[in-house]
Structures are given as C-alpha cells and as structure tokens.
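We begin with a single chain expressed as structure tokens, specifically the form predicted alone.
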C-alpha cells in the first residue's frame, strides 16, 4: 500500500507508516560515511519489517548498487521486481542443503559459500544451468557463526573454488565476513577480526582469487570504523534510521531519521473506579477513578509482551505507559481521567518529532534491541509507504 494522504486515518485499526524520503536521506548520509566504498542496502526480513520491495527501490534511487538478503527466496523475489535495474547486484547468504541453487545461478545472484558442501552444491547447479555462478567466499574471522574457519578449512575452500573457476563454473566475486562486536566501541575483537580478515583475504588473493569486493562493515562499522570499509559496506538497521547501539550514538548523531511510525486508533475509552484490575492477572489496578483507553495492538502484531506495564505510548499529546499485561490483540493505557474519543491516534513509536516514543524506548522497556522492535511488527499491520 502506498499513499501520501493525511497523517492519520481514524478508521484504521493500526498502521506502520514508512517514510521513504527518510530512508533515501539515510542512504545518502551513510554513503557519505564511506565515500570510497560501494553500498549494499540490506533488505533482509522484509527490509527489517519496513517492506522489502519499496525500500529496495528507494535505496537504489538514493545510490545503492547492491542489495543484501538473508535467504535466496528473498533475493529471487527482488530479482523478479521489474522496477529494479536488471544489472543490480543482489547477494544472499543464508543457505541450507538442497536450496534453490540453480534458480539463484540463473538469476545472476551472488551466493555466499561458507564450506565445501555449499561449494559442491553451487558447482553442481552451475553445471546443470550451463551458467557460471557468482560466488562470495565467507570467512569466519571470529563471530563463530557462518563462514569458513581459518587455516586448513579456508585453504581447502579457496583451492576448490579456484579449480571450479578455472573450469568456467563460477566466478569468485567477493570475500567477506561479519563483525561480532562492532556495536561495542573499543571491543578487542574488532581489531582481532580485522587482522584475521586481512590475513584470510590476503591468502586467497595470493592463491589467485581476484574478488570484485571485499567487505566486512555492517551498520556500526560503517558509522564508526572507516578502516573496515574496504570495497563495500553493508548497512542494515542504520538505513532504517535506528542506531545499532545506544553506546555508539543516537540516530540524530549520525544524521539519520527513523523510517517507521507505528500507530493505532483507540478502540474504546471508558471510566472505571479505583481499584479496578486491568488485563490478565490484574498486575495493574487503578489507583483511583480514572479512564482507560484500549489500543487494538498486541503481541500477535509484534508488540512485545515483555514490555507489559512498561511500554510507552503517546496518546492525546502525552506519554502513557502500558497498564498491565499486553495481550494477543490489545493492551490498555491509563488516561488519568482524560476523556478522549474512540478513534484518537495512539503512537507507539516513531521519529520522536511530536514527542512520541522511539523504537529504542520500546527496546529499553522490553529488555531487547531496537532491531527486534521494528522487525517483529506483524503482517496484520498494513505498511503505508509515503513520500515515494
């Protein structure tokens, strides 16, 4: 859904407004942080809950030359979008045995390989398709997640990839890795991983690999570690105007603006006496006569239950706090006696311009990170893309 209509529609149960102008501005601000590197816009997980297709188009319009996804299905869907350039580079990195390797090869995707099993599968797919695969070798430089271990494992993988390249079955287009603690300034693992990455890429290049790009910089590294930018940077959460970590700074510190605003209509306003229990378990009871407002969003929509009795909401121009437990489809706020009308806007989070909470405020209330807050907003909440 796309529109540039009035900011709030009282007929809507809820909506997540996605400001594509803010996203484009964020991409430009991030590109300025790494002027010598290509820009991969990471749009995995439906663009962190913001809508992959629309956000991919906006990022490309702002200068992104690569898109990054986790799953091959995400990447194939983007490749099928006629509004994106045919020669746009799209990379996907989360593979399991038996995945759609041939489809990815035929679509010209860049596929990540972390071990021999994956290399064997992509080589087989390239033989069947009679099309050379675009392969990026991933090094585990210390995250301990995906990627090939240094030493004999890396040497075996590089050697096998070069033999397949000599047969015309693939092209090693990239060497890459991922940080563990780039969002913790000064963490000793950062320097250790950079050293290991340089060592592993140097070995591959000494053996004859000629990658188009070497990359390790995620959002926090793009913002704070220029020595990690190499040939390409891969901002994810920062592109959506959310700071990777409060320790490195707020979005405004980096010239970024939150892209998503989550709002709902008050479904009911009613007066109750003092001592009235609210929601399951009666973990909240009114301290005196007051009014309660019912907000029709719950954990089925991605509102974290862990933020019960803590999550902030802007209603009637004032911050309110979730009263009691967040239920599957709804939660309650204590309006302190104010008599607002059903249909009034309740803003859970946004950029903060109108005094509303931010995704980081909800992260603090739920004991999690802001990534999870925006990414978990469910499909029952329509995305309304504005400023296309």
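Positions refer to the first chain, counted from 1. Because the structure is predicted, anything quoted here is derived from the model rather than measured.
The same protein also has a form predicted in complex with a small molecule, omitted here; what follows describes it.
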Here the chain appears without its partner; judged in the predicted complex, the stretch of 217 to 225, 147 to 155, 274 to 282, 98 to 106 with heavy atoms within 4.5 Å of the small molecule is 217 to 225
In the predicted complex, the residue from 320, 33, 325, 44 that sits within 4.5 Å of the small molecule by heavy atoms | 44
May I ask you to check whether residue 66 falls inside a 4.5 Å heavy atom distance of the small molecule in the predicted complex?
-> no
Is residue 93 one of the residues lying within 4.5 Å of the small molecule in the predicted complex, judged by heavy atom distances?
-> yes
Might residue 48 be said to contact the small molecule in the predicted complex, defining contact as any heavy atom within 4.5 Å?
-> yes
Indicate whether residue 134 is a 4.5 Å heavy atom neighbour of the small molecule in the predicted complex.
-> no
